[in-house]
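Alright, two takes on the same chain below, each alone as structure tokens: structure 1 and structure 2.
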Structure 1
Amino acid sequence: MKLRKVSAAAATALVLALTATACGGDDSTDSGSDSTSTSGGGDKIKVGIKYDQPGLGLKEPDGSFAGFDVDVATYVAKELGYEPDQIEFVETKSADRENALARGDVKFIAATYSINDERAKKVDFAGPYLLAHQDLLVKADSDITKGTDLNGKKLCSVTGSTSAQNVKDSIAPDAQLRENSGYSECLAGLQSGAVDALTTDDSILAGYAAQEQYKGKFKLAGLKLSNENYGIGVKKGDTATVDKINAALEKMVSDGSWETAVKENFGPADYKNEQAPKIGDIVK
């Protein structure tokens, strides 16, 4: 398959240029929910991704999409019978994912979507296909070195993310947590000094830290504050699709495409990813 490269410059331009973007489900709900055919034909498949995460899910200024999640989604769609030009990517922000699947806006979601018990009550997951860890992005001269240092500090994360929940539950319940709908807003806050730290998965933070305009200004704290097992979300009860996606993910690892996608997408940010997880193997 053809993999798409993330250019650091393009990523930079895009994150800065991000404005209000449409939520999933712009028009009909049929393409997302009915596309179970393995022949593809003239159908389209709607797939949920992130638009503002360089290295994972990014909408480029020219309207194309790039990142590890995009490559995983493209590979999986192919195995379901859809060529790349039959994929319609839809933005699924962290807090929208369960609803987007329940409404049938998208057939599946590959959007740094951690598998957990709460979410598994509402959606089904294939995977996992990547293991990441919660970490902090801070200014280069910050003295924040551990999770508890965040108590009393201004911290930014995203509504509906496991990262925000983990902070409230255990990491730093006394942090002044600001929740935004996307990560770009948090980055702006970190740059202006409005917040002291941004927390989410290290995979995502590495992509931001590597952006041209932030080089030397921000650093990752290097803390493994949680295990984030990325799964592919599908509508609750759609076990046929879960099975097909699991087979696709296994094939992606065994034919080397997973490793290629890792190198292409995480290489530029020098993100040291964990090895490919086994399907069904959730690290708690």
Structure 2
Amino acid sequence: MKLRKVSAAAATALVLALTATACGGDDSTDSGSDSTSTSGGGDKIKVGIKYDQPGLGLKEPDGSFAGFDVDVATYVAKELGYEPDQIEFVETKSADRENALARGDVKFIAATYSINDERAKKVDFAGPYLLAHQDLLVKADSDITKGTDLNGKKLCSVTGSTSAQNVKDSIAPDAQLRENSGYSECLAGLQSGAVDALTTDDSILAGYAAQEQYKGKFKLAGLKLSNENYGIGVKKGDTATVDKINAALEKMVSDGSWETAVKENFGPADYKNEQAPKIGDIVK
């Protein structure tokens, strides 16, 4: 999705608002209402996404945004009353998601944000809107079909990730763990044969494998090593927004937009996605 210029009407409204402030307008006016209102009609809404995950949340060289999370966020924002040109996408890295919501930097976050008990103490979640699983990405001609096949093989993930360690601890203790700073390095190693498999959420793996330069070269092993319930994060206590987002997600599924977004973003990787989860249905 490519962001467009602010409409003339929105620009006029902004000028009037600034004029009123300069003339000593009411100090009680909420200056952040454009990014916190869920009734629509404001200048913009700020939404947190990832900028570096192909197929999910990616900032393109031309400044536009693409991916499944982007499509979900755009649909939800429209149901809240905002057109695409009123959405300001804000990069929210995994380590800063809770803080970004607490500070009010964004209204909601759609960024491969797995719902768990610890996070639910700090933020509220709408959804889930996707059930993902930890999986393996291997070469298209690989004979790795189950977790134990990784014994003696080189397994790659990013530094600090628990995914690879989970495999080594519970499934293939003799796997040779390699850690890189990013998934792109793991993909390069997989392509060259320096590593035999890459592990993280299957949705993330599918997003990378669906890139033009990798089409047909990799495949998902189809293992379900964990359940990752992706939810939309909202500031703690903002139940009104959670309810509205849940209604938007249900509509997105019922009108077919959810399935279309899945196919467009993950289809080239032959991603075997789960059916759209029911709101509040957390798979342990």
Ligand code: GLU
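All residue numbers here refer to structure 1's sequence, counted from 1. If you're wondering where the values come from, they're calculated on a predicted model, not measured in any experiment. In this text, rigid core is short for the largest set of C-alphas that superpose within 1.5 Å between two forms.
Note: the form predicted alone is the second of the two, structure 2. Of the two rigid parts, the smaller turns 29 degrees against the larger between structure 1 and structure 2, judged by C-alpha superposition.
In this core superposition, Ala172 moves its Cα by 8.9 Å between structure 1 and structure 2.
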